[in-house]
Structures are given as structure tokens and as C-alpha cells.
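Two separate entries follow, structure 1 and structure 2, each one form of the same protein chain as C-alpha cells.
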Structure 1
């Protein structure tokens, strides 16, 4: 079969004109469409960064930071090049101004890992799930929007966030929480377990997921065997763009992990072997190397930070002789050695801390590939000890009392070294006081008596009015809402310790309200302790690449110091959960006896039994008669004569009637007492 070519002259003249018109239209509008797409694509940006920091207790902090930005859009089905569409639809559906969701396993050690830096204040989260959101909706629609949001996030991240829809699980802070406004809702699930089912949806929001770039380092076994890991998602939506901000959506994803590197012995031994920091590399702590940046990322950088205390200790050592700490040879001439030469070295400026300034090494991933992967390593040359900078007051919380009826909650604040002039303007001479904000949510079944509040400063009892400047209390309502307490405390600048106690009674729950592991106890969420007079910020020289780094730009923001207390475990009176099992067992036994006897009576056949007896009586043999006589003599009784069939039949019928009567009496009694 041959195909004949189409003759161009066979096309009608009108069709030719129509084709020419289509070609002209496509040539005119195609550049415009491509230009608009290019503009949108240029406005959507993605950054990936990793911060590494050695810790004083021989551990390593790894802080992943990913940021995606998208322009504002009014259409719900807008196509995105880099920004995750699910987050864009979430913002537009529920009118979210700001939202933060965190999944945390373990507790941040404020004493060893620091409490006065941007990571500990903004990325150290309480155990379990923490969610808060600010909505741009009318006040009467906030609760309904919150409930719908919890269900959506529960399906998006494969977690039990939908439990926060109940009014007993969330609260509305007035002013003590950082972004507190009239349309904020806050909830926590302290016992929520964190696993790979939560991390995988979180990684799917990244343009390269975990296949390329810095996210390829996220080895699941390395992350989940760590001492502490917290994945966080912070969302900011800005429609109009006030205060110099561009309108659009900013999605910030962070993963903070505290790892224990494998100890790698060096050829040199020291007398203080326990003080020698372990040498480590990316391949040793994560089991992987960086093969290059994500091709969709605008920038991909790795930073190594040395804390102020560590830099001060390195300067004190006589073997280094360092003059300028940000010099080119600092990365190999002091007490440690890096396996990769840094691209830039920055020293913190405008730091009046007595410990000095921190140092930041920057490594660009653009020049690395599969043939030459990036594997940063740190090797210590001599023992060094230092301490991280703690929060102004170390906060801890515990329970007092015994028994299952009543108890007390105590919050203890211990002073750190406040002699540093850079920590604020707190001074007894100028009349300033030390301010502490407390935000605590208590479940409804822990009935707190707020009038029993007692305060102790430096071990001495104080009047409530002398210490508390402002207080807002929302008492709990049974099975309706939790109890919320917000306080502003004003302590003298020379405070060494402070404590406050609150008495409570333990309530009773319905049997359906107990969790499966009720004997383990019930959790009271962590309390948030903030210090508004103290700010955390890291300021680096203006001529560096800080302006291009979203993570370092976040570190430069002045955020108040924030700490979370422990999660309290309260034992409540639990019923005997074996009683339902016992009742079910007894009921099943009675039913089995009743129906078993009834079926036995109904299915028995009297005629067959009579024929069986007759056949046995007719088959009497001499041997059997002799045996019966012998047994009768041995027992001393006369020989029993076989009953006639009529007698046996009457006996069987009387027994049958008796059983039927008993079954009927049991049925009537059961219906009378239990029916």
C-alpha cells in the first residue's frame, strides 16, 4: 500500500488563510507566555544550607536549613516551579498568616548544648508535636479553621495531629507567646512518636527531595539513633508586603540533629584522654558524602561554626600563636585541622561578650560533583574543653506531693552568670529588673488552684504582687478546655534562684477517655519560659555572603531567648481494666450452659434410646450373667434384674421433663433479672 503525498494546491484557500493566522498568533503570544513563565520561575527561589558545630560533650550539632519562596497568587490552582503546591493551597485555603509545626524526639540539653544562641531559641523544640498558627479570618471562624487545618496536616505528614482538633487540646495565648495575636491557636502532643513516616512527607516538599544536594545526607539510621532530632516547618504568608517585605509565601524547613561521632584515635596520646574531642567527618557521622548541590537551588553552602567559648580556649593555647582569628591560616594552624580548605572565614562582629567572638567557615558546594564529592572533616590536635553559653536562667519543672488525689507543680529558675554586660541593661542602680515570661498549658483533668500560687526568690517567700507584674489565667473546664496560665515576672537583677508552685487535684476520667497505656501516666505539655530583655543574634561582617544566606539572615534577627521545660508525667487513678474481661467471661459461660442444655434437650431422640436399651437387654449371655452374679456376691447385694423397657422409658421421660423444666426456669429468671 503506497501513501500518496498531499498536494498543497488541494488545500482550500480558506484553510490556508486559517493556518497562516494560527502561525502568526502563536509567534506573537508564545514569547509573552514564556516571558511570564520565566518571570515567575525567577521569583521562586530555593536555598539549601548546613551548619555544623562541635559541642562540649564530644557531640556534633548538624542544622539543615532549606528555604523556598513563592510570589503571591490569588488562584488556588497556580502552577509552581519550585515551591510545593500543597503548601500554597494550604495557605490559601485556611488564610494562614504564620504557622509552625515541629516533630521532636528527645530533649535539648540547655546546660551542655547552650541556651543563648539562635538555634537553641528558635529550633530547640519540646518533645512530641508542637503546632501553632495565626489565621487571617474573622474571630468567630478561627476555631473551625484550626480544626480543618489539623486534619489536613495530619494527612499531609502522616501523624496524629488531628487529635488537636478537640477543644481540650489547644489554647489561645493572649500575649506571652511570641506571635500572640487574637487569631492564634496553640497545641501540643507530648507523646507523639516521630519516625520516618513523618520525615518522608517533609522531604517531599523539597525540590530535590533527598536524592541530590545537602538533603542526600539525611540517612535515616543516622538521624533516628541520634540523641536529639527535631524537624521543623515554619510558614509565613505576606499578601501586601509591608515593612519592605515582598508579598508572597516563605517556607522554612529545618532539621536539627545532635550526633555522637565515632571516636577516631590519633597517634598522639594525652594525660587527659577524656577531654580529647573525637575527630569526625560527614561520611563518618552520616555515612554519606555530598556529591554536589541541588540543581534547582540558588545557593548551596556548608558552614562550620566555632562557639565563643571554644575560640577563647583556642586563643589561650600557647601553641597556636594566633593573631587574627579570621586569617587564612586559622583553619589549619590552631588546635584543629580541616580536611577541606574553606572558601571564606568570618569572625563575629559587634560582640561585647567577654568570651570573644564566634568564627564561621564557609564552604561552597558548587564546585563539587560525583567524581569529587564534598566530605568535610575535623581533626583535633590537642585536648580542649569549653562550655556553651547558657540562658540567663536555667528553667526546670517537676511535680511535688504523693498519692493519686492531689499534688503540686513547681517551676525552678536557677541563675546563670549574669555579670556579662552584653546581656542587657539589667542593673540594680538604674532601677531595671529582670523580666521572665511564663506560658503554661495544663490539661483539664489536672485541676489547678491558681489561688495557691506561691513565689520564692533566693529561698525567701515573696508576695505575689511584688514579683508578678501581669498575669492572665484561663481556668480549665471539664472536658471542654484546658487551663492556661500566662505570667510576667519581675526579679531583681541579683537573683540567684526563683521558684513558683501551684497546687492541683487530679480528676477522674470516663473509661472511654483513658488511652491504651493509661497505667503509664498522663503528660503535661512543656512550659515556655522566655526572656524578653535578652536577644540572640549573630552579626557577621557586611561584606560577606550573609545577605545571600537565609539561614545567617535569620541568625542576625533579634529574637528573645526562649527555653522549654520538661514534660511532666502525672499518674491518675485508673480503673481495673480487667473487670470488663471478667464480666464478658462470666456472661459467655452462662450463655454457653443455657444454650448447651437447651440444644441437648431439643436434639435428644427418646425412641432411639429405648431401642438401644432393648437390644442390650436381649443380648444377655451366660458369661455376662455369671459375671453379674459374681459381682453381686462380692458387694453383698442381691443381683439386679434388668428393668423392663417400659420402666426405663418412664425414667427417661421423667428426666427429660425435669431438664426442660429447669431450662425454662433459668430462661424466665434470666429475662426477669437481666432482660
Structure 2
């Protein structure tokens, strides 16, 4: 961590400041000024976008996307206008190449809400906190940097991300999670409760906070009563931009919410049908309206996406056979009615998917203001049912076995009906196989036996070597590191279902290691399953406005389909928390019993004792001698015996004193040298 000396760049800095100030002023007052591209690259920019999408199960997906970019820090030093300073300092201090932090509550329903589109594979996150970061530091400093980063983030976002500091909580995936990166660290906190205290610092990073623009829609109660919400922060920094990307930092903040609109009854009620799509509007799902754009944003758009399945269904219902869906008349077509006229309509360039192509309506909210707020409403004219496009294989994970001693983890991959859509890439004729990457992290107290890995394809057990192409395992070390498993599976194209089981033993922890609610069980973080043969991309026709929108250009990127499995809850046996003292004392008593009685047996010399008794018996009988001793003791008078007891007792006491002294000296020495 070295702070860059700023004196060297003080003079260019001033001029740059002035320029940027000018640009900003001009941007605020004349938003439609087009600037030269050279200056354009030097500017800090901010975009805000919102994507709305009706989901098949009468819910609505709202996906906020905010992007801030800052040019490389050389141009303007440590000062920023739009870009959050905290983030740029973070990037500088920890040399972050790429980082993603997500807070999620609820689980993305891959079956109903889709698993094949960009949102589900890059914004559907496992419950709790997920953090991964790629650092640009030497290998030996990566762990230390990661630890510092977790503490910083935990302060920034009011979350217990600092628990990821412990080496039992993070791992270093080699290739399955993010390909071709060496300095990556990955950690998950499945039980982190996500709440508004995490959202507020996240909103603070936006230039308009939640006061203006699209972020003003984020009404806390409506967001936190949603079925799923995931707030995500993605950071990319390019120092010199060797790969042709713009140098600088790109901060991408997304909030994905799945909401249930209040069932606003349409004029015609379909009482019999349960699957009637509710009509909704922004004000009905968020309780607020957009009262204009954030003035600092370069562009501020709202999109409404209709999925491929929905579009195909609407086309069928329309049965007029109008070819061009993206034509102007479609938005007020037969299926539904929009309350606001869209500015633009895009239709996806359909390449491989025969199901149809999704349609995107763009609404620019530049023209709306307090007096005329933007409130997009969607009214269904008749019931429509469709289904979202699922991932190539639906991945689920569950536990097998009972009891608290051992169990097994099973990952089940079930084929969705891939009859038409995606099997184009996988044709068995040319020997091409279906590749699945599995990345799984298990905490150390779940002691996985990797040699028990079993694979079942279409219900038949298969040899591990037939299916697994590559496997990388770093087994867990007790209290040191979690177990990481990365696998590349190759299935034949006609795979219907595949299962993979791993046996494990449940560990036993020290009582201090149990959380306060120990009987609730422990979470195994989600496994990430990706399908590198399948790419999520929504390709829209080459259009300058599409290129300009960061969200849409993100959608156009070719990313492999990724889905997360469920978090598993493993109940572990608990010891008795209430009585450690009893255990300690009883065990020590047993040891003392062993030591004392064995030593006593070994020490005793029965022969000599007998002899002693007999020699005494020559004078007095042992019983009478004992009695006389006792009576003498009782009377408090010294017994009249030849050998004086005082002598021996003094001897004993001096010996005892010596012993005590020795022990004390030992203790002092110990304390001095080791204490």
C-alpha cells in the first residue's frame, strides 16, 4: 500500500480539473451536447437504467443498473466528481483488478424465472454475501490484501464481511469459477442477513443517492418484502488498458428485485383463471413514481423486456401474422397495453433460438419532471401463460442420509426440455459433448471423502473417469482451510439427468466455535454450476443507442450460463454447552484416580509393613497400640513412645517445604521464560 505522490502531477491536474468542471457544467445545462471522443474518454460518467420484465408466475422483475466510470487515476489524481471516492481508494489501495460483492436475500427460482438470460446468470446470486476479487499483487501478498479488503468492505457496507477474513471462509478457485485468473479469492457468507443498512451505503455510492432519478424508486418496504432481491457491486479496473478497454475504473451497481405486484384487477376479471397476469404500474409495485432523471446521469432509461416465450405466445394469440413485432403498433397491440408510449422498440437478433426473440421497449425519462412523473403501467388484455427459458440443465443440490455422524451431498442435474432451443450447439453426431463445470466449496467441518465420488448418468452408475474430464480438489484442513472441488464434466448430448454424490463425515467442533444458535445447523455455501458451451447474450441490431447503454452492452456480452445451487443446511451434533466445568473436573478426577491408585499400589511394600507391624506387636498388640495412639491424640497429650513423632513431623514438614519451594521456583521460572 503505497500512496502515490501527487506533487508530480499537480500541474496537469489543475488544468484537467478546470476542463472537467467545464464539461460538467456544460453537461448539466445542455444535456444533448455531443463532445469529441477524445475528451469523452477522460470524463467520469454515470448511467442509470431500469429493466422491467414480467415473469411467468405473475411477478415482475425489476433490474436497476447504475454504472459509474472513472478514467485512470493519472489524469485527475485522487479527486473525483461523480465517481465515489471510497471505491477509487479501495481500488488503488488493494490493487483490485476485478471485484464483485453481492448481498442477496431469497433464492432465484431458476425454473420459473429463467436460467438462460444474462440477468439470471450474472445477477442471480446465492443467498447471503458473495465476494470475489482478483488482485494485481504478487502471489504471496494476495491473502493479506484479501484480509484487508474484507475489513474495508465490511466497514463500507455495514455487513459482517470481515468474517471472510478467516482462512476457513475463503478459497482460491483455480479455473472453474472465473477462467484464466491466478490471484482470485472467493468467499461466501450464506447466512448473512441483508437489510436496509446494507442498501443505504450502497446507494451512497450513487451520485444522486436515492433522492433523484431512477434510484428514487427504491422504496425500502417494497424492496424488502420482495421475493428475491440482490444488490450487487461489480468493479473493474484497468490500469493501462492493454486489452483495448478504456483505462480506468468501471463501477457497476445493480439491484435485482422480484416483486409481486398488488393484484390490480383489470376491468374484465377472469375469476376462473389463477394464472391471470396482474396488471401493474411502477407506482403500484414500488409505491413511487419517477419524477425525472438524475441530472448527473449521462443517460437515464427505463426498459421493458418481453421474454422470448412471451413474445412467441403473443404472436400466436395475435394470429394476424404480422411479421414485424417491433413495429410501432405492437406496443398497443392485442395482448397488452402500455400506459406510456415507448421511445424505441428493439427486437432481438435471433440467431440460435428458435423460440422467438425477445422485445425491448425503451423509455427515455429525460422529458419527465415533478409535475409530470413517469409511471409506466402494463395492462394485460387477456390471460397469457408462457414459460421462461431454463438453463440447459437444472441444477439442484441436496443432502442424503440421516443422523449427525455422516451424510452425503448430491448434486442433481436435470435436463430441461432442450428439444428445440439450445441443443444446436450440442450435436452428438460429431462426437461433441456437453460440458458442465462444477465449483463447490465446503467448510472444513464437513469432511468430504473425495474418493467416494459417484456419478450417475441417466440413472446408471458411470465410472468417474468416463465423465470427469478434469478434477481439481484441494481437501479441507481442519480449522485452516475449506475444501474446494472444481470439476469439468463431459456428458453425452442426450443426457436426461446426471447425479453426483459425495460422502462426508460431520465434524465436531470446540464449544467456542459453535454459533449462538448451534442447533440451527451450519450452511454449506452454494455450488456454482456453469455451462461453458452455452452463452447468454441478447443481441440487438447494431444500433448506436444500444451501444451506448451499458446495461444492454452488458447483455450482449458472451458469458457462459451460470447457475447457483441451493444452500445446504447441515445440522451438526452439539456437545453440552452448559457444563464444561463438570467435564473438566470429572475427567481430571478420573486421571487423578488412575495416577494416585497406581502409584499407591506400586509404592506400598506389604512385606515391610507386615514386618513393622509384627515388630511392634512384640511390644504391644497392634490394636491396643492403635487405640492408645488414638486416645492420646484425643486427649491432646503426646504419646509416650520411644520415637518422638515431633521429630518425624518436622522432617516431613521440612521436606514438604522443600517441595513447595521447588515447585514455586519451577513455576516462577516457567512464568519468566514462557509466560
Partner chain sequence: MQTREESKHQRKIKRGGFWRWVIASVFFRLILIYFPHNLFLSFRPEVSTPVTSLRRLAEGYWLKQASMSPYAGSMYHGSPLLPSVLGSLTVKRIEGHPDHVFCSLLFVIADIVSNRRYSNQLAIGITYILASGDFAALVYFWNPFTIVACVGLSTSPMENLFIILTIYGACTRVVPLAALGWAMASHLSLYPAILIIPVILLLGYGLDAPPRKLFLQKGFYKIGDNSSSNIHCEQEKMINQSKPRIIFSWRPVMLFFFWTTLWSLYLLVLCGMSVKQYSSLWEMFQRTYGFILIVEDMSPDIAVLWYFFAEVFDFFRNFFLIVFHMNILFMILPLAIRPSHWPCFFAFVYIAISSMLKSYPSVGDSALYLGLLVLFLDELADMQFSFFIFCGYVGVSLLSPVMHNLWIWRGTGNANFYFATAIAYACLQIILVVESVSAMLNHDRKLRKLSVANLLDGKS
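Only a predicted model underlies this, so the values are computations on that prediction, with no experimental measurement involved. Think of the rigid core as the biggest set of C-alphas that the two forms share within 1.5 Å after superposition. Positions refer to the first chain, counted from 1.
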Answer for which single form is the form predicted alone: 1
query: Core-aligned, is the CA shift for residue 599 between the two structures 2 angstroms or more?
result: yes
message: After core superposition, I'd like to know whether residue 460 moves between the two structures (criterion: C-alpha shift of 2 angstroms or more).
response: no
message: Looking at residue 578, what is the CA displacement between the two structures after core superposition, in angstrom?
response: 3.1
